[in-house]
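Read on for two forms of one protein chain; each stands alone as structure tokens, with the labels structure 1 and structure 2.
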Structure 1
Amino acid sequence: MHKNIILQYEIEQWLYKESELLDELNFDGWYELLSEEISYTMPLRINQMEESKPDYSEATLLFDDDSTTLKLRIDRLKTDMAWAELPPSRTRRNVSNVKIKEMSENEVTVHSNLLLYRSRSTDTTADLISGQRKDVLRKENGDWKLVSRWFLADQTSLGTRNLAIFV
């Protein structure tokens, strides 16, 4: 039991650190938290009438990134070509309901909720994106690395201009 409490604390601290790096626009620091094998996906939420079927599209992904495409997205944000993020969004990520679902010697499957607040430029309104994350973290050279992230937004229609942010 004591070991599980320590692991829960470690994983929660990792998620909070990740959120802080993203909220501070430290994308290079965030990238260092990722495994080279990263799979970063966001399926499209759909309204499903049949309870036996998932309420998301397994064929349509709003993003489907790996290490190379995430690095390209980060590098692009550093240029004047990332118009969607000029000026950069001000974000605040609130992570809650962190639950370790599976664990092995050096890998954990973690579910959590994310509420992301996003303010842009001089807009008087802000975006709110909420959803569920399913992450796999692996211990690599003594540090936890994100191996996969699956994010499912609660909304079927996102009330945001673009997805030039990380969830």
Structure 2
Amino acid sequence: MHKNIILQYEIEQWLYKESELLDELNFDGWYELLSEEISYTMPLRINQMEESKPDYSEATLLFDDDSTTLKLRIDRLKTDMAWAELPPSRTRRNVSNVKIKEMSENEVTVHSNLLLYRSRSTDTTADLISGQRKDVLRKENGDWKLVSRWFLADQTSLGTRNLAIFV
């Protein structure tokens, strides 16, 4: 039990740290948290009858990235021509309901909720991206690294102008 509480604490702190780095636009710092083997995907939420669940499609991905393409996105944000985030949106990532689903010696599967607030330009209406994360973290050289992130938004038609931000 004791061990599990410590692990829960460690993983929560990792997720908060990650949010902080992204909210502060420290993308290089964020990239450091990722394993080289990262798979970063976001399936499409769809309207389905209860009996036809799951109500998402993995045939359509809104993010379909690995470490190379994530690096590309970060490098792009650093050019002075990435207009979608110039000036940058203000974002607040609220991570909650953190549940460790599986664990082994050096790997955990963790589910959490993400409520991402995005304020862009002079907009007075805020964009909210709400959804579920399923992450796999692995201990690499003593540090937890993100090996896989799967994010499923709650909207079928996103109420934000683009996904120029990370989820």
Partner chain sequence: MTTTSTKQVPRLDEMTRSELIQYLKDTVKPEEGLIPSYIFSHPKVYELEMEKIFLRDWLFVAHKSEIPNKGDFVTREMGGQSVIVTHGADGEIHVLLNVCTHRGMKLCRMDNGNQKNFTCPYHGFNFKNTGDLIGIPFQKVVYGDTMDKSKMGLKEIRHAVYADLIFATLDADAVSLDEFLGDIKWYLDLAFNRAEMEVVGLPQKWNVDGTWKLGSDNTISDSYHTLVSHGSIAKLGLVPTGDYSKYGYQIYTGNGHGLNLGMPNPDGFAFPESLIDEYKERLSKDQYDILKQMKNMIVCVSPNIMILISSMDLKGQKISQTSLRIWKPTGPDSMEISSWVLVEKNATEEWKRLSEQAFTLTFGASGIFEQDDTENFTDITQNSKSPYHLQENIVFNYTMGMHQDQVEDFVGPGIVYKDKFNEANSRAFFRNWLDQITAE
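Shifts are known only where both forms have a C-alpha. Heads up, when I say rigid core I mean the largest set of C-alphas that superpose within 1.5 Å between the two forms. Sequence positions of structure 1, starting at 1, serve as the residue numbers. Worth saying up front: this structure is predicted, and the values here are computed from it rather than measured.
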Students should recognise the form predicted on its own as structure 1
Yes/no, E50 Cα shift of 2 Å or more between structure 1 and structure 2 with rigid core fixed: yes
Taking the rigid core as reference, consecutive runs of 3 or more residues that move 2 angstroms or more in Cα between structure 1 and structure 2: 50-53
